[in-house]
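This document opens with one chain alone, in structure tokens, the form predicted alone.
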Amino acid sequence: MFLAQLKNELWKLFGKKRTYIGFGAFLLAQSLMLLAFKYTRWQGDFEKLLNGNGYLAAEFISVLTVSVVMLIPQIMLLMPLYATLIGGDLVAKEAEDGTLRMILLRPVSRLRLLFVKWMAGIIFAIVLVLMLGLTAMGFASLLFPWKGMFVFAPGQAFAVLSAQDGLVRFIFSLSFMAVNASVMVSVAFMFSCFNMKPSAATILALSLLFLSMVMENIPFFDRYDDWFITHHFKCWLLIFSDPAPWMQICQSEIVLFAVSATAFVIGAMAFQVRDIKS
């Protein structure tokens, strides 16, 4: 019964046109960024960075390097928008369309209904990240060769890796990005469980994430970095460090799993006491 309900929710979710807005935006952004990297000074500046650190740029301007270069701004700016857009729709959109009361007529508890919707949102987050990573590699392979990997993120990672090691770490990074996207969906889902419009749930979730990002970057709050969600989002970049700080990565992942579960519990509690009839 659970799998049948989950299947129905997935059909409903992926049957909406707005679900694919994020996919389309990512494809467009990757195309533009790839062309910008290839035909502007961006690539030249990157080559100077490599040469200045004693590396031969021709060996590291590759598919994997360009893929990560394209992913970093999209993960920071675009993913929160499209992940929270879907998370904010999961419950609030049903209430806005007037279908929520009809759904609750079925012999299914509210908690189970919410859990199925939450799982559908997490599956969407995983699919979104997989598409983002695979298309980044696919587009980059059209213009760049398959060679070594260079990753530079100020304060997070500076690494030079072989093509094989870089591919393995790139795949690992996608799993951590999927956790990040799941947390974003969960936060928006939490607000969606309250009595509000889908747009309001999305805006509140985005506001919470951007507030965390802004406060994290204020020097005074450096000592409180572990309290900010966006600080733990960056653990996907730490996987490229050599050696990778596995203890720090595991701690961040535990925090993110806890945030996601807490968001679901708070949302479920709010939904349990809602008066759906009136």
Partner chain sequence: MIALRNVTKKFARRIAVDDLSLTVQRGEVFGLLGHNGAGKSTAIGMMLGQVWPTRGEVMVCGHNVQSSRRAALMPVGAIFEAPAFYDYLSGWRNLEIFSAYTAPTSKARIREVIEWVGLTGREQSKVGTYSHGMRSRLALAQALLPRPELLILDEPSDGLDPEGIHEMRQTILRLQRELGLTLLLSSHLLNEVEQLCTRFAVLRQGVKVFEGSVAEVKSALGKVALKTPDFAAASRLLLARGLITAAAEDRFITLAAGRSTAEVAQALVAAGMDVQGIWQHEQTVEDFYLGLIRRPREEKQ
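Owing to the predicted nature of the structure, the values given are computational and were not obtained by experimental measurement. Positions refer to the first chain, counted from 1.
If you look for the form predicted in complex with the partner chain, you will not find it shown, but the lines that follow are about it.
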- Message: Please determine whether each residue of 98, 113 and 274 possesses a non-hydrogen atom within 4.5 angstroms of the partner chain in the predicted complex.
- Response: yes
- Query: Of these, 104-112, 127-135, 192-200, 140-148, which stretch puts a heavy atom within 4.5 angstroms of the partner chain in the predicted complex?
  - Reply: 104-112
- Looking in the predicted complex, any heavy atom of residue 89 within 4.5 Å of the partner chain? no
- Query: Any of the heavy atoms of residue 24 lying within 4.5 Å of the partner chain in the predicted complex?
  - Reply: no
- Applying a 4.5 Å heavy atom distance criterion, does residue 11 contact the partner chain in the predicted complex? yes
- Message: Do any residues of 197-236 have a non-hydrogen atom within 4.5 angstroms of the partner chain in the predicted complex? If so, which ones, in sequence order?
- Response: none
